[in-house]
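Shown here is one chain on its own, the form predicted on its own, set out as structure tokens.
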Amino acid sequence: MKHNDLDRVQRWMHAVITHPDGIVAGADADKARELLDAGAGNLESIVTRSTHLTAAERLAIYGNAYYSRLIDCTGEVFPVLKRTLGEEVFNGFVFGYLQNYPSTSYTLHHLGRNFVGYLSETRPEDAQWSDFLIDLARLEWEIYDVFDGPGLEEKESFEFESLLEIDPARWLNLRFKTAPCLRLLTTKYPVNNHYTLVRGTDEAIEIPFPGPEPENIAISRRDYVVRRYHLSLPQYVLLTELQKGEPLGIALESCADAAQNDPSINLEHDLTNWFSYWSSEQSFFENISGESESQFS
């Protein structure tokens, strides 16, 4: 067999076994027939039958193994969601997802990227629990994406002392470059605590779904360990504005608006503590800059 013939057969087999509707539909699909115009009725001209299995049945073994592997890989990305739903229900969701969003990348990193969107698209309108599951899936995807993405491990992160060295008259014009691994997430349900409870035990415990309660979460990474932080609404607003590239003055205005109805917040006192803590964590900011580099010389 010539090399180009082998390449065509391999690409044909991939098109057939990965078709969401099965081997017969895959063999009859345009993608497969453009490579080898055999069709489902003539599979044995390409794949010989065995003593006990037809060509379609032999190909189905590979097709089933393909989807089983992708389902297992998706479960590794969403382990808490899988335990919350149960393996059978979770696998059913993932199989439906793979039919709507088939894997098209050479890397498995992108496999679950559209899973949250799929859950939202297929969400039953009268089932509040689905919002909790979608929030949980969003949290797990961000954790996975942060773990596998760029971080600050090879860079010097922002030091709080460097802010104190700058003339306070210039602070309002400062812009903070947030860490590339920083994700800011707001959810309808308090899924962060649920994630901690389920992830922290190997036992088959039953944890009831929490009631709706908005939650703001920061996810980042330090020393290759993903960390999660609960944020108050003013903290979330402040970090969101800074991440968008707004100067500190604009970000503080939005933060103050968010803090108006929260008597526990004292911005004059709390801001110093927030920036000091975020700096000590070394996973929130990369550096700071102003209107020109000369300001810091």
Partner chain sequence: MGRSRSTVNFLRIVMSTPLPRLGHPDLVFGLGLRTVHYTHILEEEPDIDWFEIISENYMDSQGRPRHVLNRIAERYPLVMHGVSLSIGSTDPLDHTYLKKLKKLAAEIKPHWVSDHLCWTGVAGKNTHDLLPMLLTEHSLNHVIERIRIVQDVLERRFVFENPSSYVGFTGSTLTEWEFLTRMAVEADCGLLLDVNNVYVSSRNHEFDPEEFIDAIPANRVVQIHLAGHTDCDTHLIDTHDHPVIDQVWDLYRKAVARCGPVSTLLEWDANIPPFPDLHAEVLKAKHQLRPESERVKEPGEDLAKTDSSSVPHPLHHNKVEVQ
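Numbering follows the first chain given and starts at 1. Note that this is a predicted model, so its numbers are computed, not measured. The term rigid core refers to the most C-alpha atoms you can superpose between the two forms while keeping them within 1.5 Å.
Here the subject shifts to the form predicted in complex with its partner chain, a form of this protein not shown in this document.
For its partner chain in the predicted complex, the listed stretch (183-191, 138-146, 166-174, 82-90) containing residues with heavy atoms inside 4.5 Å is 138-146. Site annotation in the predicted complex: the residue of 231, 47, 259, 251 reaching within 4.5 Å of its partner chain with a heavy atom is 47. Interface residue among 59, 237, 32, 265 relative to its partner chain in the predicted complex, by the heavy atom within 4.5 Å criterion: 59. For the chain shown alone, residue 77 is a contact residue for its partner chain in the predicted complex, at least one non-hydrogen atom being within 4.5 angstroms. Among heavy atoms of residue 102, some come within 4.5 Å of its partner chain in the predicted complex.
Shown alone here, residue 107 lies within 4.5 Å of its partner chain in the predicted complex, counting heavy atoms only. Remark: residue 195 counts among the residues lining its partner chain in the predicted complex, judged by a heavy atom distance of 4.5 Å or less. Applying a 4.5 Å heavy atom cutoff to its partner chain in the predicted complex picks out 221, 224, 225, 226, 227, 228 from 210-249, in order along the sequence. Annotation: Cα of residue 244 displaced by less than 2 Å between the shown form and the other one, core superposition.
Once the rigid core is used as the reference frame, the Cα position of residue 282 differs between the shown form and the other one by less than 2 Å.
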